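Next up is one chain by itself, shown in structure tokens, the form predicted on its own.
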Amino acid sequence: MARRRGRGMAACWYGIARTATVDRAAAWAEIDDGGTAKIATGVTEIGEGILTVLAQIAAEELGIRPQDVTIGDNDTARAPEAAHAGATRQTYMIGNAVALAARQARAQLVDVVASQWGVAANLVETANGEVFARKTNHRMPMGDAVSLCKSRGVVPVGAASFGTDTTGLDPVDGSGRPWQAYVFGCQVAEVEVDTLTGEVQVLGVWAVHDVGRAVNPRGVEGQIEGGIVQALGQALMEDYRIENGRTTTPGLAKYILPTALDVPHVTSVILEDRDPIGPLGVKGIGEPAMVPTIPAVMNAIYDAVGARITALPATPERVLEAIKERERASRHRAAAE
């Protein structure tokens, strides 16, 4: 048969945030006039959707709508330091910092309202832009609660920092505590290999990832699918070459990227094993989404044609050579017997 199908599986683990060093992020939160909120942090949005996630976190903690949350600019001359966008740290580090700051701002508002109503602060709730006390008829809009606070000289603001408790790695045996939180994942890939041309087509990928608490499940799915597409490019197409210190792939004519026609159907399954340390229970999903993809695809190729690919990308030429090498080795063994 010219075309053969195979399936392969691979699993991974990944440490969240900076490696073997203390990681920190900070944020300010204020419940503003009209019941809206402002969040200030030095976060950088690079397309991963972190601003949406932070707005959701702040809204849930404060009891308002996400669209009523404004995320301030990321100039660290005016906002707390949040550090870089990478290491799957954004939701874990900055999300937890925003949650803690929002809780502090809410606590100031609740104390004033509880005093006004003559009830215990633990009976006061905030939800859907309103403040109310359980077991009573007391209720007011969030904007009125903010006005009440300011009439008493209280601005409901909060500031918080969230950091990791990690250690460096021992230079001798490598022991240490390089990460505070870990995520795990597993992917299965199904491929079809043309044994005449060496072309590999990925028919489907099934991805199961532990992300901690999923703040925005649709965003998590997007991260998983995006990571898989990036990994497929590295696995099958993207071949960056340098000769004598100069790139020989200066343009997209030679550096091939996957298009929509190359992307298979991806089935994402989200597991929510909550982090026990951070206040939100979140972890993250960024780089981990692409870690098991390549070995899963390479294992699927092996399952289909019995040939191991040991260099990336698995171009048709390399796949054909691996098939031929397997056939030569098989003939050699048969002759020896």
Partner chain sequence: MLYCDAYLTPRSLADAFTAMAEYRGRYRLVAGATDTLPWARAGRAGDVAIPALIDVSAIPELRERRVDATRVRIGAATPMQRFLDDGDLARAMPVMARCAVWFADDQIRAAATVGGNLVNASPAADATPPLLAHDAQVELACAREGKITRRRMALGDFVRGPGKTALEADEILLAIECAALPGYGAEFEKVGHRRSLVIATVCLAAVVRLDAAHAIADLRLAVGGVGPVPCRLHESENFLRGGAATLARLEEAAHMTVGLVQSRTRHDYRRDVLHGFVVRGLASALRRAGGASPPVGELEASHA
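This is a predicted model, so every value here is computed, not measured. Residue numbers count along the first chain shown, from 1.
A second form of this protein, the form predicted in complex with the partner chain, is not displayed here; the remarks below concern that form.
With the partner omitted here, the residue from Gln108, Ser147, Gln201, Ser161 that has a non-hydrogen atom within 4.5 angstroms of the partner chain in the model of the complex is Gln201. The single contact residue among Gln104, Thr197, Ser115, Thr136, judged by any heavy atom lying within 4.5 Å of the partner chain in the model of the complex, is Thr197. Though the partner is left out of this view, Thr259 does reach within 4.5 Å of the partner chain in the model of the complex, counting heavy atoms only.
Remark: Ala322 does not count among the residues lining the partner chain in the model of the complex, judged by a heavy atom distance of 4.5 Å or less. Within 4.5 Å of any heavy atom of the partner chain in the model of the complex lies no heavy atom of Gly153. Contact check for Ala334: no non-hydrogen atom falls within 4.5 Å of the partner chain in the model of the complex. Heavy atoms within 4.5 Å of the partner chain in the model of the complex are found in exactly one of 246 to 254, 136 to 144, 116 to 124, 153 to 161, that being 246 to 254. Taking the partner chain as it sits in the model of the complex, the stretch 297 to 318 comes within 4.5 angstroms of it through a non-hydrogen atom at Thr315, Pro316, Glu317.
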